[in-house]
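The form predicted alone is given below as one chain in structure tokens.
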């Protein structure tokens, strides 16, 4: 009976995964399809006569946008870690006044729709002269990652045994030295998890990019794909090739950091 249950659950899982991944496969299939075969009836389910013209066009025209997205992603990761690591440490170990209020505020901040935040940033950036700037996008994208990062760091750092901090203090380490020499090395998995999510959020952002960077020639890849669709509605292989290329960094990072993500997300979920 157990074997039968396992069998049908496995089949159901495979079917569901295939359905969810089919759009990704179709994107890849279309990226290799020749322009003349796009309207074939029935459609080509496999790239029998593949072409790499779409990838050549995408790499030629979209490399600057890809480089811009990488720069924005790294900047977002840097700001997120610089802000969230000390904040999480303070809330978890130093227990400042109003810590619960801060936790609640961070939870509420994650519920604010991105469109609302984009409008707020637009009004602020007009006065500060930060519209159509890479720095403005980095700051805006960081606001999505910082609340999540602070809460994750707080949950993990709260589980670090107090004896380790007490031993460091006995050896003469102050608050900053304890944070740098004891807490940070133990927080590796959480740091990798936060870095990955912050990078992916900035990499896939479209709302902030389309609102705060509409008139700039230096644009991220999401806005590059959007403009590419508007300018090349008949070159779907190039459009899909651009989408495939833009998906590769995210897929690569997820595969490489998979075990760290599993440990980082569950960090602090259970206390001994």
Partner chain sequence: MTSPRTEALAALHGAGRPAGGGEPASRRGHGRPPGAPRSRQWTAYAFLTPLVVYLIVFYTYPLYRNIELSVHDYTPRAFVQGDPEFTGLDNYLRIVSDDAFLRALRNTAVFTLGSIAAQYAIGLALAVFFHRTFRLSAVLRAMFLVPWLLPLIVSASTWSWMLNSDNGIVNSALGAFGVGQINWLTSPDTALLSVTIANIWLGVPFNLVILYAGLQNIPASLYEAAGLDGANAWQRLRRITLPLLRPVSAITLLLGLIYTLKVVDIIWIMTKGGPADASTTLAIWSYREAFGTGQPDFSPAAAVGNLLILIAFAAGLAHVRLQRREEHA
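Superpose the two forms; the largest set of C-alphas matching within 1.5 Å is the rigid core. Residue numbers count along the first chain shown, from 1. This structure is a prediction, so every number in the text was calculated from the model and none was measured.
The same protein also exists as the form predicted together with its partner chain; that form is not shown, yet it is the one meant from here on.
The candidate site formed by 26, 91 and 243 is fully in contact with its partner chain in the predicted bound form, as each residue has a non-hydrogen atom within 4.5 angstroms of it.
Though the partner is left out of this view, residue 203 does reach within 4.5 Å of its partner chain in the predicted bound form, counting heavy atoms only. Although the partner is absent here, residue 75 lies well away from its partner chain in the predicted bound form, with no heavy atom inside 4.5 Å. Residue contact check for residue 52: none of its heavy atoms lie within 4.5 Å of its partner chain in the predicted bound form. Contact annotation: residue 211 falls within 4.5 Å of its partner chain in the predicted bound form, judged by heavy atom distances. Residue-level contacts in the predicted bound form: of 57, 207, 32, 65, one residue has a heavy atom within 4.5 Å of its partner chain, and it is 207.
Proximity to its partner chain in the predicted bound form, defined as a heavy atom within 4.5 Å, singles out one entry of 186, 173, 134, 119, which is 119.
In sequence order, 14, 16, 17, 20, 21, 22, 23, 24, 26, 27, 30 are the residues of 14 to 37 having a heavy atom within 4.5 Å of its partner chain in the predicted bound form; the partner itself is omitted from this view. When the rigid core is held fixed, the Cα atom of residue 23 travels less than 2 angstroms between the shown form and the other one.
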